[in-house]
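Coming up is one lone chain in C-alpha cells, specifically the form predicted alone.
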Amino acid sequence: MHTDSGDLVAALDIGGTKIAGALVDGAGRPRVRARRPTPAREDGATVMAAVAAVLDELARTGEWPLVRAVGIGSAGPVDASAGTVSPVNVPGWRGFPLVAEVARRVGGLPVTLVGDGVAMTAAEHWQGAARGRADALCMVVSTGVGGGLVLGGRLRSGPTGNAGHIGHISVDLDGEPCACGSRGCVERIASGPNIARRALEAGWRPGSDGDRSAAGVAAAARAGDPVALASFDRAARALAAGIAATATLVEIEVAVIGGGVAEAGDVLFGPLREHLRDYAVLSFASGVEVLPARLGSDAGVVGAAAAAAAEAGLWGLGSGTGEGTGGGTASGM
C-alpha cells in the first residue's frame, strides 16, 4: 500500500463529447491535464485510440512516475465487475473491455472503473458540497441525469458501478417513453434536452441569440417567460420526486446537484426546494438539504481519482479506513 503524499492518480473522464485526463494529487488538485474530443460516431477502436492518446500525453510528463493507480469515470451504463462500458452516446462501445484496454497501457497499475455519476459523487464527497456528510445523493443534470450515493460515509457504487442512477427512476407512471425503455423517468423530464424540447413544444421561441438549448430556456425563465418557467418547474418536480424517493429509501441528508442544467441557478433550485417539501414529507426524509455542486468540470477526473485512490489505499481513502470514498469499485488487476 502506498500512502506517500506525493503519490498521484491518473484519472480519465469519458463522455460523449470529450475525453479528459489528469494526474490528480492527494489534495484533489489536477496537476497535469490532457484532453481529446470523443469520436463518438466512430468505431470502438477509434474511440479507444483517443483514450490512449490522452493516456500517452499524461505518461510523457515528468510526474508520471509518481502515479500509483488509474481511475476511470465513464458515461454509462458501465459494468465495473466486468470492467466493461456501454455508453448510450458512444454506439461503438457495447460491452467494451475498457479496464483491460487501459490496464494494458499503464504498466501494471491497478485500474478502477465507475460510472460518471458515481465519479461526480466521489468528488463532491471528497472535496465538494457533500464533504463531511455521511449520507448523500449527488446528481449530474445535463444531457442526461446521473447520480451516485454516499451511505455511512462511504461511496456505494454497487456491484456494477451504477448504484444511485436516479435518472432512471420513474416518477410518472404513465409518462412518455424514455430512451432506456421505461416510462416517465426523471431523465425524460429533467435533462437539458427535454427541458428545451418541452418548452419548444409549448410555444417558447429562442431569443435573438438563437439558443434553443436548456441554457436558452433558463435565460428566458430568468426574464419571466411563463413557458420557460413552466418547463423548469416540471423538471424541478421530477427531480424533487426522485430525491424524495431516494431519501425515503436510504435516508440521505443532502442532495448535491451539478451539471449544465444546475447552472440555471434559482430558476431550477427555487422550485426544486419548494416541490421537495411536497414530496419528502415523512419525518426522516423531510430535512434533506439541496445544494449546488462545487467542483464543476473537474468533478469527473477528481472523482475518478478518488475512487481509484480508495481501492489502492492512497491518501487515507482506503476501504479499510471506514472514512473514505471507496467501496464497490472494480480493479483491472
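All residue numbers are counted from 1 along the displayed sequence. In this text, all values refer to a predicted model and were calculated from it rather than measured experimentally.
The next section is about a form of this same protein that is not shown, the form predicted in complex with another copy of the chain.
For the residues 90, 196, 163, 220, the 4.5 Å heavy atom test against another copy of the chain in the predicted complex is passed only by 163. Only one of the listed residues (263, 135, 211, 101) places a non-hydrogen atom within 4.5 angstroms of another copy of the chain in the predicted complex, and that residue is 135. Across the options 63 to 71, 273 to 281, 40 to 48, 293 to 301, residues that bring heavy atoms within 4.5 Å of another copy of the chain in the predicted complex belong to 273 to 281.
For the chain shown alone, residue 180 is a contact residue for another copy of the chain in the predicted complex, at least one non-hydrogen atom being within 4.5 angstroms. Taking non-hydrogen atoms only, residue 97 never approaches another copy of the chain to within 4.5 angstroms in the predicted complex.
Among heavy atoms of residue 108, none comes within 4.5 Å of another copy of the chain in the predicted complex. Shown alone here, residue 241 lies within 4.5 Å of another copy of the chain in the predicted complex, counting heavy atoms only. The three marked residues, 151, 173 and 234, each reach another copy of the chain in the predicted complex, with a heavy atom inside 4.5 Å. For the stretch 235 to 253, the set of residues having any non-hydrogen atom within 4.5 angstroms of another copy of the chain in the predicted complex comprises 237, 238, 241, 245, 246, 248, 249, 250, 251, in sequence order.
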